[in-house]
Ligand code: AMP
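Starting off, we have a lone chain in the form predicted alone, written out as structure tokens.
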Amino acid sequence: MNILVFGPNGSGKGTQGAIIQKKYNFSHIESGAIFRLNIGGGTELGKQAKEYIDRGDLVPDDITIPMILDRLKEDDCKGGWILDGFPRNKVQAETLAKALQDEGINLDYVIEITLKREIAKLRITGRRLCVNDNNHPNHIAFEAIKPVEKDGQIVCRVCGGELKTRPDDQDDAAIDKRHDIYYDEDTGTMAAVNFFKSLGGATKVITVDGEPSIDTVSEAIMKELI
């Protein structure tokens, strides 16, 4: 089973991807994690990507696409994958669809998590990232996934790891720029979603409301996955 998941920053798409991965035991590919791995490792692609991410801009396709496609071809993806955070615009969607077709890889589901823009922004500023696993949900505003205190420090509620914030999560201008890209139905991420909706065929598109609780959203998604 191969899945793309879409949702604006703050919609919980990473959390839902982790839930799906745990249930079906296949690879959860998060584009931001690939960027961070390259950035942390000091690779040339990572250095180039960091400049764009720090400004809240999209990383260009000639940096992003080679990393993503190589990842999908790795052995752990042969049993299925869920891709989160890519594609982010219509051109990337078209490129990915063609690449998957050329490789003989089926895209079984596209999951779209919808959320009002103002709610998405509020959610972003309170989230915290676990240094051990970015898919461990931690948010200072939501009781169900609040970090815990240990030895006077706020740590990951799942593993007790150190928590950090992304600089662009605390920058209103950067958040607005990222959301401008996502909600753009002409060339942005919504245009990518609509591209996959237009394909029809064997790919099923699942649209769910991201405003309710994590469990409610997860239940709505699982009902549609076969």
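When you see a residue number, it is the position in the sequence shown, counting from 1. Because the structure is predicted, anything quoted here is derived from the model rather than measured.
Another form, the form predicted in complex with this ligand, is not on view; read the next lines as being about it.
Visitor: Within a 4.5 Å heavy atom cut-off, is residue 125 in contact with this ligand in the predicted complex?
Guide: Heavy-atom contact with this ligand at 4.5 Å: absent for residue 125.
Visitor: Within 4.5 Å, heavy atoms only: does residue 52 come near this ligand in the predicted complex?
Guide: Yes, residue 52 sits close enough to this ligand in the predicted complex that at least one of its heavy atoms falls within 4.5 Å.
Visitor: Answer for residue 95 alone: is it within 4.5 Å of this ligand in the predicted complex, judged on heavy atom distances?
Guide: No - in the predicted complex, heavy atoms of residue 95 and this ligand never come within 4.5 Å of each other.
Visitor: Counting only non-hydrogen atoms and a 4.5 angstroms cut-off, does residue 137 reach this ligand in the predicted complex?
Guide: No, residue 137 is distant from the partner.
Visitor: Among 69-77, 138-146, 83-91, 110-118, which stretch sits within 4.5 Å of this ligand in the predicted complex, heavy atoms only?
Guide: That would be 83-91.
Visitor: Exactly one of 57, 184, 171, 162 has a non-hydrogen atom within 4.5 Å of this ligand in the predicted complex; which residue is it?
Guide: If I apply the 4.5 Å criterion carefully, the residue I get is 57.
Visitor: Honest question, do 9, 36 and 178 all end up within 4.5 Å of this ligand in the predicted complex by heavy atom distance?
Guide: Heavy-atom distance to this ligand in the predicted complex: all three under 4.5 Å.
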